[in-house]
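Here you get one chain, nothing else, as structure tokens; it is the form predicted alone.
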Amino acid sequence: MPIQTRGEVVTVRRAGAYSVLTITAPGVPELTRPGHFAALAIGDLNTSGLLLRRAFSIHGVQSRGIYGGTIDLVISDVGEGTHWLLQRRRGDAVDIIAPLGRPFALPREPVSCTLVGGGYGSAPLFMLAEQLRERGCRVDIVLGAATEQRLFGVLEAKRSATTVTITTEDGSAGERGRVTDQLEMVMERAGSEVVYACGPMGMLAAVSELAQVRGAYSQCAVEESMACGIGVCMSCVIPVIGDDGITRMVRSCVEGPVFRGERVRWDDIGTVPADTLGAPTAGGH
């Protein structure tokens, strides 16, 4: 069960184009698994228009130390809510609900795993890499972004992976192009059996398709807007095929954010496919 707690800001530090926010969250680190996220309340009496919480993947946790438990969140300053968060200073209070969502599933046996991250979507992959290595898995990491500044976690990746492959669309770091331009080569070289991915929807769709072609099992953490984070508002639903072969509109914040890649109907996100359980009929009945 998630915990709602009033945390305090410890630090806000720059990381390329992003910022890493560290907040006290007693009890949360012990419950957190790779792929979980946190939902933070935004604003105060002077910013009452910011009603909805903001959801962020949990990048790291620390259960010990003088703060009694902290979480790290990677934030891009792209709107009024995130800008408010990044103006917080040491000791400022932030209301947190965490850990939320369905995390990545870990393999029972040591297997070769490739982790793929796009931009700051790579945030949850490093905690995942650590736990995979503890299970004896080989870990290879592919990180991509539009530019070098928008990459996240390159040094962390080099500390936790057998190989690290970097791509940027403008060629400012690593190989010019997208992660999928290098992924097949990485998977072949490593003999990858499992692929984990987190990043933009278009990247997840391409990674999932490539993994399926190569016969690898894929898990994707989707980036979908989550207004409440607890499954009430239904703003983050996407079409997913169930074990019974039937498509349902499921909530990314509760049934996800991690889904089996081949189960997500990537091309239909943003719509309700006609064959979805409960979808409106042509006659409106």
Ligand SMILES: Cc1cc2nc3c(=O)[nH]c(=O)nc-3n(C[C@H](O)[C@H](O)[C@H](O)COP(=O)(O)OP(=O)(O)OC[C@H]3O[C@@H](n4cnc5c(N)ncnc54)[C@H](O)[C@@H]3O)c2cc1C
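Start at 1 and count along the sequence shown; that's the residue number. Treat the numbers as computed from the prediction; the structure is a model and nothing was measured.
Form predicted in complex with the ligand: not shown, discussed below.
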Check: Thinking of A105, F126 and G261 as the candidate spot, does the ligand come within 4.5 Å of a heavy atom on all of them in the model of the complex?
Finding: no
Check: in the model of the complex, which of the listed residues (G79, G202, P110, G177) lies with a heavy atom within 4.5 Å of the ligand?
Finding: G79
Next item on the list: Look at the stretches 183-191, 88-96, 69-77, 155-163 and give the one with heavy atoms within 4.5 Å of the ligand in the model of the complex.
Entry: 69-77
Item checked: is_contact(S218, the ligand) in the model of the complex, heavy atom dist at most 4.5 Å -> no
Check: Should T32 be classed as touching the ligand in the model of the complex when contacts are defined as heavy atoms within 4.5 Å?
Finding: no
Note to self: Contact with the ligand in the model of the complex for P239, defined as at least one heavy atom pair within 4.5 Å: yes or no?
What the structure shows: no
Notebook entry, point to check: Is there a non-hydrogen atom of V28 within 4.5 angstroms of a non-hydrogen atom of the ligand in the model of the complex?
Noted result: no
Item checked: Stretch 252-276: residues contacting the ligand in the model of the complex, 4.5 Å heavy atom cut-off -> P257
